[in-house]
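Below you'll find only one chain, the form predicted on its own, shown as structure tokens.
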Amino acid sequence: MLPYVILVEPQMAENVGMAARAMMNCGLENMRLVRPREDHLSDKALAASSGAGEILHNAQVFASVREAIADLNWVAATTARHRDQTKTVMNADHAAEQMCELTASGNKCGIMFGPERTGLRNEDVCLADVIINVPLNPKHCSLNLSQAVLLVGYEFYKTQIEIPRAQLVTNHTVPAEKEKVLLFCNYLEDKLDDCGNFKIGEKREKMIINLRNIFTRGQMTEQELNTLYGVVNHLSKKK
């Protein structure tokens, strides 16, 4: 079960469309609108959604925040401003983890976003279980509506996928085995011996260690080794 994105009194159709685009980027599907000022199915909104029109077509429209959240079990209100209310304030990643746990157990969750110019009213915030605050530059922390949806939505999306923190993309080749890398090092050292590069014997060992460090620390691929063999061959023949 996915969280509901609730846009409260959005002012511009383009922003609703871009919010739908941000939702689709993050695998979210459920949009609810509270008293939108402009038609969320207008040409402007659909164009701004950039292929996420199905979210706009399936969006539900409500007359009040209370109606929009009535069937939900847990609601978060997004705001960058301090509110004079006793309320748990979470950053977006912690809120995403909580929503992941809640939705996995069958609870319906919602995230409220306020109007572009003013944000959520205190009367709306008080209906939420928690506040989501994204820590940004305190001198300029306001966000476009779709940016806010994307930031919070992405944190939830990360709880739904498994990707490595970093990976070597080798395309059509594979990482070279250490033995192959060391064989190339031997080949290069022989060529350097032949051309008289190691004239000072006492420095030879240090130079070889430096050369081997260059090639063993770089996650060489087989394609890169073959390229290096070709380069060294060409240069040695040219000499």
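Just so we're on the same page, rigid core means the largest C-alpha set that superposes within 1.5 Å between forms. Everything numeric in this text was worked out from a predicted model, so none of it was measured. All residue numbers refer to positions in the sequence shown, first residue = 1.
Below, we refer to the form predicted in complex with a further copy of the same chain, which is not included among the displayed structures.
Looking at N58, you'd find every heavy atom of it more than 4.5 angstroms from a further copy of the same chain in the predicted complex. a further copy of the same chain in the predicted complex comes within 4.5 Å of no heavy atom belonging to Q11.
a further copy of the same chain in the predicted complex is not approached by N107, whose heavy atoms all lie more than 4.5 angstroms from it. A residue is said to contact a partner when one of its heavy atoms sits within 4.5 Å of a partner heavy atom; C126 fails this definition for a further copy of the same chain in the predicted complex, lying far away. Residue L151 is the only one of V75, A80, L151, L102 with a heavy atom lying within 4.5 Å of a further copy of the same chain in the predicted complex.
By the 4.5 Å heavy atom rule, the three marked residues L33, S42 and K178 all fail to count as contacting a further copy of the same chain in the predicted complex.
Contacts between 83-108 and a further copy of the same chain, taken as any heavy atom within 4.5 Å in the predicted complex, involve R83, D84, Q85, T86, K87, T88, V89, M90, N91, A92, D93, H94, E97. For Q11, a C-alpha deviation below 2 angstroms is recorded between the shown form and the other one after rigid-core alignment. Fitting the two forms on the rigid core leaves the C-alpha of N25 displaced by under 2 angstroms between the shown form and the other one.
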